[in-house]
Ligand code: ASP
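Below sits a lone chain in structure tokens, taken as the form predicted alone.
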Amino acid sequence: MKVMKFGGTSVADRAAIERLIALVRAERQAEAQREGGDARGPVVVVSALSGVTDRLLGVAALAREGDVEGARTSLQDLRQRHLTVSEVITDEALRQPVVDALNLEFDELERVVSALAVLQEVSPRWLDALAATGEVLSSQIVAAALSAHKLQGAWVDARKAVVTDGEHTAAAPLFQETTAALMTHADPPLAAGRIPVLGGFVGATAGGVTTTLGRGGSDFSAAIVGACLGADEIQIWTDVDGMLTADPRIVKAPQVVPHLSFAEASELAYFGAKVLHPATIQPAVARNIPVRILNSQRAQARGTLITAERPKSDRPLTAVASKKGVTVVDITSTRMLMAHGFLRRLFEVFERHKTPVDVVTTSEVSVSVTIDDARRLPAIIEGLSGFAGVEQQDQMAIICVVGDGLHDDPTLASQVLASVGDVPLRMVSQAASRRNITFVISEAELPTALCRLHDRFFMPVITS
């Protein structure tokens, strides 16, 4: 049994959902024809319609500002878009209950937004309730559309199937409770030969309070569901042909990486490869479930397969990831020299404010770290200033070069650094596994450095 996750662009409109239906049909037929194949499934996990989550967060911002009319206008636009997309449900008897549910949901949203606008405050709990709407609605549309096309879809409310802690806007799944919930809500339709459809990104606490897994969490949802149900494979259907050797928005003609190890994919996703959410790999690694990245608009493309190990490649480096919007925080104190517990005290400040760090370098009297979420930075600086001097540098970028060749060839790291030429390096770090080398530069220098790297290590070799 496979889990098929479809991103926002793969459910953006009627045409996209019709492609989704064709892909699910093909998967179901292929599994039925395969010797020893699993007759159940697949399980389908969907994102909100493309751009909807951003619009809903915009509605929350308007409510916070007290702009009731602006928020209502935006909700009316979203209502109409969902009603239009629901026309993909060609059986009116199946479409009408979905239309009724859509209207009920948006009526309730308008009431909620009006109340929040009076308060001019949107708590994290209400932010989750608003942001979850996109996946709740898209999953109902897709489930009914599958049924209308003779594929027996079954809507599963993710708020009942994925159990999380209470950390609103960035909830963590509770795997034991989620497994039990999926056995209750998703396993029966699977056993009956139906196709469960649930929204990604969304869950709820054990008490039933709606939560979200953080931006990009639909990939994570697919991995959670796959791990808890014991899937054979997790497929991430997106709008690119697979994991690429570099960011296509910066580098011309990057190439698809056909096969990655879990470790390589984790590094690339964490340091900015947009095609895969960083958390996706974690449940897959734990259960050794292959993850495949595919293009819903080009189903014939080979895609990228991610497994525990990968075949050896002639190319020493696998890919390069990059992340903009990074802040460097320098913490300096002569008291840290040979001082027991200084680093513990320092990182406790970041932990207290729930802010992870990406890159760390140290010297005798200073520590430099990078963060990509500066929302709590003022409070972090205040906490650090009690025992050290603190400076910040904004508009920085991270480049992470990944490949097993870094472990096998001790000269390769110096070649990587040399390839960026005269671009100043702010921080340099290499992991203990020697599978990656990471460096921090000015954001303005990112296009130059990335293109030089890609030209040096990833351009096709032309032979006569």
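The first residue of the sequence shown is number 1, and the count goes up from there. Here the structure is a predicted model, which means the values were calculated and not measured.
Same protein, other form: the form predicted together with the named molecule, not shown, and the subject of what follows.
Contact annotation: the named molecule lies within 4.5 Å of heavy atoms from the stretch 217-225 in the model of the complex, the single such stretch among 189-197, 172-180, 217-225, 154-162. Contact annotation: V44 falls outside 4.5 Å of the named molecule in the model of the complex, judged by heavy atom distances.
The named molecule is not shown here, but in the model of the complex it comes within 4.5 Å of a heavy atom of T53. Interface membership of E135, defined by any non-hydrogen atom within 4.5 Å of the named molecule in the model of the complex, is confirmed. Along 200-214, one residue reaches a heavy atom to within 4.5 Å of the named molecule in the model of the complex: F201.
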